[in-house]
Each structure stands twice: as structure tokens, then as C-alpha cells.
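Before any questions on how it binds or moves, here is one chain, the form predicted alone, in C-alpha cells.
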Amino acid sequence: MTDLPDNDLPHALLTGYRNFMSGRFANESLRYKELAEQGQTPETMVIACCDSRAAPEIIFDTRPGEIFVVRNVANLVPPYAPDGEYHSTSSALEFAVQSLKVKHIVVLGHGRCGGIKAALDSESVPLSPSDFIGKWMSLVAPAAETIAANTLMTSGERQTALERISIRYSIANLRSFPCVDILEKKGRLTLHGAWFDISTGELWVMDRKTGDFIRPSGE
């Protein structure tokens, strides 16, 4: 393979790419070729946080083409808002549901989320209200204000609580999209919530009936 100029990308990325080509790509070259020729047909969409420690492809140990992933700050889903503006997460959702026809949508939250921490404690992690991040995290502002006022909980308990509540918020917002609501009611689309603990590697799955987060059997 021809060496790439080292001034185009950070050295660590180029090294990682070379390892990928000699390792995973070489081992799965036929699969990559099939995906290139036939296109992708993932059955699951994962809406995850852009936190560098919580990559869903790694957490779920998936092969190329198995999951369709969109990542944003704090893995939030905004409510349906067909206002003609730019909506990255909403457009990815629409593409996954209407074009790829995924069967499952998973909202994957995680512990120690920086966006959630900022929503709870704006003094220690200030959010700019005039640009983008402050507006984005206002999606969970009502819950954040309620939880932040609870002095009986520790800061860690408050953070975990809002991380999990925000997952339920996002699932509720998913249902505000007509394409999601219709397919779910027809039994052709299932919505899921999950929370990943970066420190321990534990995965907690949201019970779709109660909203509680539980450890999957066999864990």
C-alpha cells in the first residue's frame, strides 16, 4: 500500500488506518465489497452520544453494515419540527426509517456524559445560550432543573438520573415523528432505550412497559 503523506491527518489516525487496512479490512474485504456493491441494509438504528468513550459499534461489537448510527451531544432526539430549517438528527432518523426501513431504533445513553453534566451544573460547565449547545441541551432543561434542586441526591445520582430520563425524553420525541409513530403502531418498528456505564462496561436496558433500567438476563 502506498504511504500517505503524514501532513494530511494526525499521525495517530494514519497509523490507525494502516492497522485497519492490514487487519480488519483484510479479514472482511469480501463483506466490504458486498456492502459497496449491494448497499447497506441495517435493521437497527442507534442514536448515540458523540462522546469519544461511547462508540456503539464497539459497545455492541458489530460488523460493518449492521447498525446505522447517528451521534450528537447527549444522544438527544428533538421533537418533530418541520420548519424548513436544518435538522441533522431528524434527517438521519427520517432516512433510517423511510429509506433503510430499519426495524429497531435504540437511544443509547452513557454514564459521565459531559452534555448532561453541563445541563445540571451550568456554572461549572457553562453552556453558551446564544450559539448551539445551550439551545440543544435546553431539550432536557425542565428535567434538569427538577433534578438539580433535589438535595437528597448526590451529584453522581443526579447525573445518572438525568442521563436515563433524557433517554425516555428522546423516545417520547421519536413518537412525535409521524413516520415513527405509524410504523410503531403497526408493529413494524420497535423503540428501545439503553444506558452504558463507561467505568464498568455494564449495559442497562430500558423496560419498554415501565421505563425502568435493568440489567439484561445473562449479564
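Just count from 1 along the sequence shown to find any residue number. Owing to the predicted nature of the structure, the values given are computational and were not obtained by experimental measurement.
There is also a form predicted together with a further copy of the same chain; it is not shown, and the following applies to it.
> Report whether the minimum heavy atom distance between Glu85 and a further copy of the same chain in the predicted bound form is within 4.5 Å.
Because a heavy atom of Glu85 falls inside 4.5 Å of a further copy of the same chain in the predicted bound form, the answer is yes.
> Can you work out whether Ser90 and a further copy of the same chain are in contact in the predicted bound form, taking contact to mean some heavy atom pair no more than 4.5 Å apart?
So Ser90 counts as contacting a further copy of the same chain.
> Test of understanding: in the predicted bound form, would Asn72 fall inside 4.5 Å of a further copy of the same chain by heavy atoms?
Asn72 belongs to the contact set for a further copy of the same chain.
> Going by a heavy atom distance of 4.5 Å, is Leu120 a contact of a further copy of the same chain in the predicted bound form?
No, no contact at 4.5 Å.
> Where, within 10-44, is there a heavy atom within 4.5 Å of a further copy of the same chain in the predicted bound form? Residue list please.
Read in sequence order, the residues that approach a further copy of the same chain (within 4.5 Å, in the predicted bound form) are Pro10, Ala12, Leu13, Leu14, Gly16, Tyr17, Arg18, Asn19, Phe20, Met21, Arg24, Phe25, Tyr32, Lys33, Leu35, Ala36, Glu37, Gly39, Gln40, Pro42, Thr44.
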